[in-house]
Each structure stands twice: as structure tokens, then as C-alpha cells.
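Only one chain comes next, encoded as C-alpha cells, the form predicted on its own.
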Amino acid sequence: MPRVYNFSAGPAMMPEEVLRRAAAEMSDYNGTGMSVMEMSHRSKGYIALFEGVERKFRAAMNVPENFKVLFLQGGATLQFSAVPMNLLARTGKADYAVTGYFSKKAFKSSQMYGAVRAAADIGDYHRIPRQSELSPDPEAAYFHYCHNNTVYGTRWSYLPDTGTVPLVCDMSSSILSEPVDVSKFGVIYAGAQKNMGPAGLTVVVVREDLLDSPLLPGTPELLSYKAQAANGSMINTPATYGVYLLGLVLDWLEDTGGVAAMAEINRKKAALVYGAVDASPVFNCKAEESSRSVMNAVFSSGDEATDERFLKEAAGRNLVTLKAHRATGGVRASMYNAMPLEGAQKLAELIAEFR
């Protein structure tokens, strides 16, 4: 069977070139006579691989020298607890912008750790709050937001102005998809399963001065950014194969032209799909145009049976995993970096033809 166009929100489509290279190296990595999955994480060969992936990631994201890059586990969801455990004790207060499904989960998870409040909550999640609608507390230890909302199909098109309060950002579904000025953030975290590789790896980028923040009592060593940084992300066995695949994805990204070139491709893909939806007499996109996600286009006919028929016709054209999250219903096209432009074109053609 030919490769399908997999529009899954995550785990998501991987670049075919990466899969082919991983397959070729499956049983013999770099002349070692073994798979990366079999290598000790303490071996010289694996440590060289691990450090090389960090260098590639730093180059791709243009990470400043005063930031640590951590390769952890537990997904972005574990960071919902790790962030307050590492930062909240600085002042005892924190702000959260609640703009979608996962930012709401992060907010709820953090509330058990201290005085955490919603600095923005617009309710229907079909748009991003404007700067004038934010109410940042200058005494907050950090301001947390989710850059791209996979469920509702919205994204922040601007950087929140919080004064001297560090920005903490969940970039799980947008990391490496467009240039980011890392120096403007205190912490960036992201699960790998959308733009960086398979599920199981989480990347955390943390400003070094924040490593000296007091930990909340009872914080496990594995969740301490300072302890992980001091141990090179190897307090325990890391997600060794996930890190290896991230390295292959970063090689592919560089061959494609880097993050800036990928951002242009992603904008073209999104424009094709949104253009078809806006011109369609059948479908409607609820996300406000200025807040529309580049990664996740969410739309619906308003009729469940019609949406299901569309999904069936799409599957017949090898356009799969387009069913939206249960919170919204309808259709969701996740167009992460690995989705080729051709996939977006074929989806746009079907939207235009569908009656």
C-alpha cells in the first residue's frame, strides 16, 4: 500500500526520508553492529550521538548560550506539574492564559501548587486574546501560555508582553515550524510527537538563571530542571531512540532549508486548506481569521453525517486521520512539518469538490 497523507494531530506524520534512513540503520548504527535501541546511554558512541543532537537542535532553534536544552520524558503533560514545581516558589504566584484544551489542563494541574490564576480566559477558544485583554501580574513567578492550540485550531500571532515576568510556553504543536526568538522566553517545552519525532521524548529549553529558583517541597529529582541540567538529562535512561530520531528529523529540516524555509512551506499549506474552506458552500471554520493556526485547520459542515461522509471520501483518496477532537467535532487537518505540500493540495481539492 502506498504511503498515506496522515493528518493526525499526534503522533503525527514523520518525514519519509527519516523513516528510510532509520530503517537502513536499524540493525547497524554507524558501524557499531547494533541498533541505537541497543546502545548503552553511557557509551561513548551514544553520548556522541546525544551531544550531536543537542548541537543540531540549538542551531535549528538558534538557542542562546545562556539556555539549557534538556531531553526528558513524560510528554508535555508532565511539564504541567514540572513548571510550577521548578518556578512557582520564586514568588508563590503564577499567571496562565487559558486559550484552549491543553492550556486549560495545564492551568488546572498547576492550581494545586500555589496561587495560580487565569490572566486570560476568553471562554469559547475560537480566538486568541489581544494584548489589551491580558492582565499580567508583575509579581507572578511566570506567565504560561500554549502557542498553538491543536484542538480549536488557533495560535498566538504575537508575543505576550509581560514585562519582566518570564514567559513559559508550551510549543508542542508548533516547535520548529517557524522562527522563534528563544531569548524572549524563560522556559519552552514541547512533546516530540508532532514536529520532532516519535512520542516519548520531551524537549525543555530553560534559561540558566531560572535553574537557581527554589523548588517546591517534594519535587522529585527527575522533575528538577537544575538536577537534569547538572546530569546532562541522564539522571535515568533517557528516551535514547527518540533522541536519535530527533537528530534525523533535524538533519532533514536542515536539508529542507531550515526553520525559516519550513515556515514558508507551512504557510502555503495552510493557505491552500483555509482558502478551500472559506470558498466552500459546505464547510465553515470557527477560528477567527487573525488567530487561525498554521498547524491545525479545524472546520465543519455543522452536520455530523455530512462530516462523516467527507471523512470517508477523504480516506478513499489516502487522506487519513482527519476526524477532529471530540470537543469540537468535524474535521481537523494537522499539517505539521512532515506533511508535504502535495497533501495539503489534495485535501484542498477534495474540499472544493465536495458537495
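Please read all numbers here as calculations on a predicted model, not as lab measurements. We number the residues from 1 along the sequence you see.
Heads up, the form predicted together with a small molecule isn't pictured, but that's what we're talking about next.
Note on contacts: among Gln228, Ser177, Ser172, Thr240, the single residue with a heavy atom within 4.5 Å of the small molecule in the model of the complex is Ser172.
Of the residues given (Thr154, Gln193, Ser233, Asn266), Gln193 alone sits with a heavy atom within 4.5 Å of the small molecule in the model of the complex. Only one segment in the set 255-263, 111-119, 164-172, 128-136 has any non-hydrogen atom within 4.5 angstroms of the small molecule in the model of the complex, and it is 164-172. Contact check for Thr91: every heavy atom lies farther than 4.5 Å from the small molecule in the model of the complex.
Shown alone here, Thr219 lies farther than 4.5 Å from the small molecule in the model of the complex, counting heavy atoms only. Mapping the unseen interface onto this chain, Thr77 counts among the residues with a heavy atom inside 4.5 Å of the small molecule in the model of the complex. In the model of the complex, the small molecule sits beyond 4.5 Å of every heavy atom of Val203.
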